[in-house]
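In the block that follows, a single chain appears as structure tokens, in the form predicted on its own.
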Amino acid sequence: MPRKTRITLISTGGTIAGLGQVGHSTGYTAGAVDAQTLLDAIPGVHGLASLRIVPLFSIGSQDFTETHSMLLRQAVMDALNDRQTDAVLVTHGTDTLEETAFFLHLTVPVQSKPVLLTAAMRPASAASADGSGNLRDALHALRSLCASRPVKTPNIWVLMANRLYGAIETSKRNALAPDAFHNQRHCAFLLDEHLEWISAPVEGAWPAGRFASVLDKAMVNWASGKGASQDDFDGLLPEVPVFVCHQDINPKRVAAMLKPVPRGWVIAGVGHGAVPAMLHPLVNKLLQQGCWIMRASRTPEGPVFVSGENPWNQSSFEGRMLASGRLTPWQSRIALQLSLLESDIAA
């Protein structure tokens, strides 16, 4: 008999562990159900894999801070370094799942063991709860990933509603539907307990593990140089707020929000990352003050290039005016934070 896939499950809370009025999908408390109870609700679950549970947090993902991200990364790395673990499964809230997945993609060292995040759009107490199905599918997907790797795989995967996404391709697109992450960029579809591959993930300028060593050094410096405890990392990463453009912007109001001047700023522009003219003087001032700015788009599909709709192309600030490419504004924030941290470590 073949050995069972050994999976470490790290639970962080979220809707998948939510509990509320029986039969209702709203008015619930995130993270109220422990992981073992969720697993026990899946018929035959113990025949699917050998499971070890690490209960890390019990919160909604909207409440994630830098500390939560750092501690989750460490828990994932501890599991990957465990010889008794073949794969890692993380249960997470959907609201900021794409941010955590991308952060882990950039900061977990590349290795052969897959890490998969899953979640749910309905609490465990809802009549149409989707968490147990996603958990079951996640276990099957990890078994499939461990058994054979038909494409070059990165570290981090997300599985929702039978679809497997790379971290960069992951973005929440619906506030209510069970297939809230559905887009045409999924890499595989789970069919009859096996992954049917469609395409390989696209990493582009942000390959897996790019900032792993940088963050390791920063965490050591943070804990030793500043006397911070090992479970408090808020403030380690440079501050990078996000602003979403709209009609009739009040530049004075925006400027007031950016005092003191942050190290970086992500502008979710309109269309192809266009920044309204009324903000150009503020952007120029921030660039003069050393702020790095990344242009993204509030539009869900289509990359933002350095050249398109960018009046700073030929200016002296070109080096500090960046383009997000295929990243969402929220992923752009993480990419810019880690890039600035890398610059600090190298200085």
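The model shown is predicted, which means the values in this text are computed figures rather than measured ones. Each residue number is its position in the shown sequence, starting from 1.
Same protein, other form: the form predicted together with a small molecule, not shown, and the subject of what follows.
The partner is absent here; in the model of the complex, the one residue of V90, A120, A138, L106 having a heavy atom within 4.5 Å of the small molecule is A120. Note on the partner interface in the model of the complex: the residue among S307, T37, Q62, Q289 having a heavy atom within 4.5 angstroms of the small molecule is Q62. Under a 4.5 angstroms non-hydrogen atom cutoff, the small molecule in the model of the complex lacks R163 among its neighbouring residues.
Although the partner is absent here, Q331 is not a contact residue: none of its heavy atoms lies within 4.5 angstroms of the small molecule in the model of the complex.
Proximity of K172 to the small molecule in the model of the complex falls within the 4.5 Å heavy atom cutoff.
Taking the partner from the other structure, the small molecule in the model of the complex has a heavy atom within 4.5 Å of a heavy atom of D95.
Heavy atoms within 4.5 Å of the small molecule in the model of the complex are found in one stretch of 278 to 286, 295 to 303, 41 to 49, 54 to 62, which is 54 to 62.
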